[in-house]
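What follows is one chain in structure tokens, specifically the form predicted alone.
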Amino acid sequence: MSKSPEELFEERYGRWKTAVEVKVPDRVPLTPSIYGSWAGTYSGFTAQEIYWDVTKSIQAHTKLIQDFPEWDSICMGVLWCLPMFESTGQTIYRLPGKDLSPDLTLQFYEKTNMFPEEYDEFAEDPIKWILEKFYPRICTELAEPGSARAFVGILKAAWAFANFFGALVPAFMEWEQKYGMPRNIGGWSKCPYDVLGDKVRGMEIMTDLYRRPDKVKKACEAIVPYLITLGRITGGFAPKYPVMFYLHRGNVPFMTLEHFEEFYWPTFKETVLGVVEAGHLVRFYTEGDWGHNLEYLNELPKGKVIIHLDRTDIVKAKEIIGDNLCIEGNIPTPLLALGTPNKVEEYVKKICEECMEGGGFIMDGAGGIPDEAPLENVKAMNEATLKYGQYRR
């Protein structure tokens, strides 16, 4: 007799939650993340189609749920509202079908959007500075705040955003209620340093650590309350799922361990604890190599944090943080994109053998499923996890 959607949901979510709590489920949870356009490729859509048309994106991800019932969660990668971006005239992303080939995932354009002399102004009132300086600089339609053009741009963007999430929310509910499929992202927030390093100061923040260190610290401290509030509000819409933090500039080669201790970790830890204290789980995507930062993560509360590993040695991570925190990953992106099914199976077998003992381990690609991954490699990941990820009772 087949299981009901409610039973499937409880089984999948329970398996995932048990691993998050660093306990032993029946098997290793399989939660492939799709941060790019692989879902569209699988379903016959171009990147342009699923990035610009939310209904096609929903169709593509629904097909994944139908075709891969062995997955324990779905991560919708195309949480980017390109019509909203277009309404504001944004200049920091290159978009598929507009600036890029229709088959390419959107790309970030690195540049500096805050001048060094503006640090004090930012720290005094981050939101005021973002609204009055940042958005006018990165959005051509908002270049003159208070103008009719800016007002129309905001209205068009708000309408696009409402349509986007107005379509997503029923889809999320259907995935749970019709297919019994959980998600692995509920809300989102950011590390204070990454707010500055990603789009505000950009790469120039690395020189600021030497030239104006006190101003960097003050700016990071100023934005902590807003990021805690962001995590609490967005996480409140789906409280059983984790608040996602994408961690970009705290790793090798962007900063030394000494700089991590001084500039990155204090305000990041404060932000995470503020979100956790509100009752939320948190999930980190630790981009790059976090091998020299792992010890610090043990300062976070047990059973509340999932650490998705990209290029970090996952066996080393298991040894250092595996007793306290759930680790997730990390089949290498080149292996999933360019390897063979046999090589994928070998890698899955290896990390299952070395990381699943004691629970607290979830299977995923290092960068989720890359856009270029052939179907046979994804199937090999699925089958190998089911084969080698079983716990003996």
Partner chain sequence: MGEELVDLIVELKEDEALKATKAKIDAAEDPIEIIELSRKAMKIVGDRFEAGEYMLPELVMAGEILKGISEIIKPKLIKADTKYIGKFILGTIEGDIHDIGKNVIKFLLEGNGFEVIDLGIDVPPEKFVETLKETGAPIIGMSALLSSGYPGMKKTVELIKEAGLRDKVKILIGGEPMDELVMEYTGADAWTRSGAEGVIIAKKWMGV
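Numbering follows the first chain given and starts at 1. In this text the structure is predicted, and so the values were computed from the model without any measurement.
Omitted from view is the form predicted in complex with the partner chain, to which the following refers.
A.B. asks: Against the partner chain in the predicted complex, would E110 count as a contact residue? Criterion: heavy atoms within 4.5 Å.
C.D. replies: The answer is yes: E110 has a heavy atom within 4.5 Å of the partner chain.
A.B. asks: Using 4.5 Å between non-hydrogen atoms, is F165 touching the partner chain in the predicted complex?
C.D. replies: Close contact is absent here: in the predicted complex, F165 is far from the partner chain, nothing within 4.5 Å, heavy atoms only.
A.B. asks: Does any heavy atom of G339 come within 4.5 Å of a heavy atom of the partner chain in the predicted complex?
C.D. replies: Yes, G339 is a contact residue.
A.B. asks: Mark P253 yes when one of its heavy atoms lies within 4.5 Å of a heavy atom of the partner chain in the predicted complex, and no otherwise.
C.D. replies: Yes, P253 lies within 4.5 Å of the partner chain in the predicted complex.
A.B. asks: In terms of non-hydrogen atoms within 4.5 angstroms, which of the given stretches 226 to 234, 102 to 110, 263 to 271, 80 to 88 touches the partner chain in the predicted complex?
C.D. replies: The contacting stretch here is 102 to 110.
A.B. asks: Ok, T140, T207, Q177, S147: which has a heavy atom sitting within 4.5 Å of the partner chain in the predicted complex?
C.D. replies: When the partner chain is considered in the predicted complex, the option within 4.5 Å is T207.
A.B. asks: Would you mind picking the one in I127, M203, V169, L155 that has a heavy atom within 4.5 Å of the partner chain in the predicted complex?
C.D. replies: The residue in contact is M203.
A.B. asks: Select from 318 to 337 the residues with a non-hydrogen atom within 4.5 Å of the partner chain in the predicted complex and write them out in sequence order.
C.D. replies: Heavy-atom contacts within 4.5 Å come from T333, P334, L335, A337.
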